[in-house]
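Take a look at this single chain in structure tokens; it is the form predicted alone.
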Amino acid sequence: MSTINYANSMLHSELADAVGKEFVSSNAADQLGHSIDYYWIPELWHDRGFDNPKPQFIVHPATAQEVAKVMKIANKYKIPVTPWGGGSGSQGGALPMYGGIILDTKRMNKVLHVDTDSLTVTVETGINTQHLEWAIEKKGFSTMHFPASIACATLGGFLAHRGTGVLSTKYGKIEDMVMSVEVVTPTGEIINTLPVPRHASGPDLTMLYLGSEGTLGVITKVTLKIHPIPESRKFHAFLFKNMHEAMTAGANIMRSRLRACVIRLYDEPETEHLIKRVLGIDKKGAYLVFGFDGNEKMVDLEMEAACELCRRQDHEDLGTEMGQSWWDNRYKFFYPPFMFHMPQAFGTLDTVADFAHIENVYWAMKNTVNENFPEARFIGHFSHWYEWGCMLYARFIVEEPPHDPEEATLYYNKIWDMAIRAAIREGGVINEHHGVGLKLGRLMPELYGPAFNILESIKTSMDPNNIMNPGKMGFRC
């Protein structure tokens, strides 16, 4: 025991020399706080009084240079390093499954430069995303990245798993907003990708790091597009006879190439329960809301064209007030008393497919959950739309899951396995914007097939000691 403690003290000293003594912690409270994110399994185990894997040290670097020093120390001793932002992820992506070092990025939180010619901002990735938005708004601009977790997540977390904001239909996902990134590699080098995202100068290294969830390096700085704050933003809502009618209307808006900033469609069960509770719309059917922003004259023209497309389906026009009400209350859906929580078991089965397959994906997942787990409720909405398809934000909810954590884990994973495999069979993928993490890593080889060997080769080449966030993304531990 004394030898182990001596080794820990020596490692503590090296880390303190790299980032400062006050920015290295091994106290029990910090270890516990960095052992649970918003993934249901670690919450369950903690709720039942069982231990989750904990880090040995929590390190708070302030610069890319300090991150590089930590990575070189970790490589020397072959100690796992797990990047940590806001801890709000739902996939277990930031959990220290093999102990080691948690690299908490929140000290790297500076807005470095706003370029008002190119309309970009260069910023450190540990910044709280809401703080970034407020800073940009003071200069008359916006990131247009408004995810439900904006108040608690760091920007780096969204980069790590290709996160999506409410206005993604017009402004894109986070990867569409990125110009370039600074990365500390697993072996401790600091690199910068090319300054623009559109070029023919070889493969795009930026996209290699976006979505890699801390397994290929630590993104420490990013240059993002920003946008003028629009003159006008307006919303309209419709209620349709069923989800197919609503889906046809929403898809027609996208196929027409009208530039909606947001479209959101709720299936009949979610309309009946959640929309009723949050917005007070006590009607049966499928609720569709959409919005446009920009120059007011253009907004009005596009809004009228979109409404005309909706009126071709079996509809009830709920008007602008019910559309605006959704926008004003858009974050309430994700917080108490409307969000699910212990002791319920719940999961967000988000996937994405093209318009030719997305309804089949929905019904395959819904039927799989309902037929095999009759005690579960299945609800869904379609919240991020593209020219070619849209994302399904499906959920299952179980009021009384098994109490024993091991039994509950097996039960929970069985729902995920069956539902996601149903999505893959019908043309979907395992996830759209929450990421892979620990939760879905086992399904990555099934999704990619032989191509997964290429991803593993990249991982092995870039992280020869396999210390970067081991146990995630389906990579070998």
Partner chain sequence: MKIDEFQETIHACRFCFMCRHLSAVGNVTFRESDTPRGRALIAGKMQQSMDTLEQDYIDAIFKSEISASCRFHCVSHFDEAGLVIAAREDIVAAGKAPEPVKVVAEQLKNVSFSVEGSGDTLYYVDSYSDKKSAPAGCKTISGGDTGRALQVLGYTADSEAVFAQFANAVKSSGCVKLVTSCPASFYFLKENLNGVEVMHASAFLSSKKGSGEVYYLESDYLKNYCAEFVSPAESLTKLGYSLKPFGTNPEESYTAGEGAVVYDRLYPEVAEKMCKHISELADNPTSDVLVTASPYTKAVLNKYAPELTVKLLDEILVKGL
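On a predicted model such as this, the values are computed, not experimentally measured, just so you know. Residue numbers count along the first chain shown, from 1.
As for the form predicted together with the partner chain, it is not shown, yet the points below apply to it.
- Proximity to the partner chain in the predicted bound form, defined as a heavy atom within 4.5 Å, holds among 107, 225, 234, 162 only for 107.
- Only one of 65 to 73, 420 to 428, 25 to 33, 444 to 452 lies within 4.5 Å of the partner chain in the predicted bound form by heavy atoms, and it is 25 to 33.
- Remark: all three candidate residues (87, 128 and 152) come within 4.5 Å of the partner chain in the predicted bound form, counting heavy atoms only.
- At the 4.5 Å threshold, heavy atoms of residue 166 stay clear of the partner chain in the predicted bound form, well away from it.
- Using a 4.5 angstroms limit between non-hydrogen atoms, residue 374 is distant from the partner chain in the predicted bound form.
- Although the partner is absent here, residue 208 lies well away from the partner chain in the predicted bound form, with no heavy atom inside 4.5 Å.
- The shortest heavy atom separation between residue 363 and the partner chain in the predicted bound form exceeds 4.5 Å.
- Contacts with the partner chain in the predicted bound form, taken as any heavy atom within 4.5 Å, map within 342 to 366 to 342 alone.
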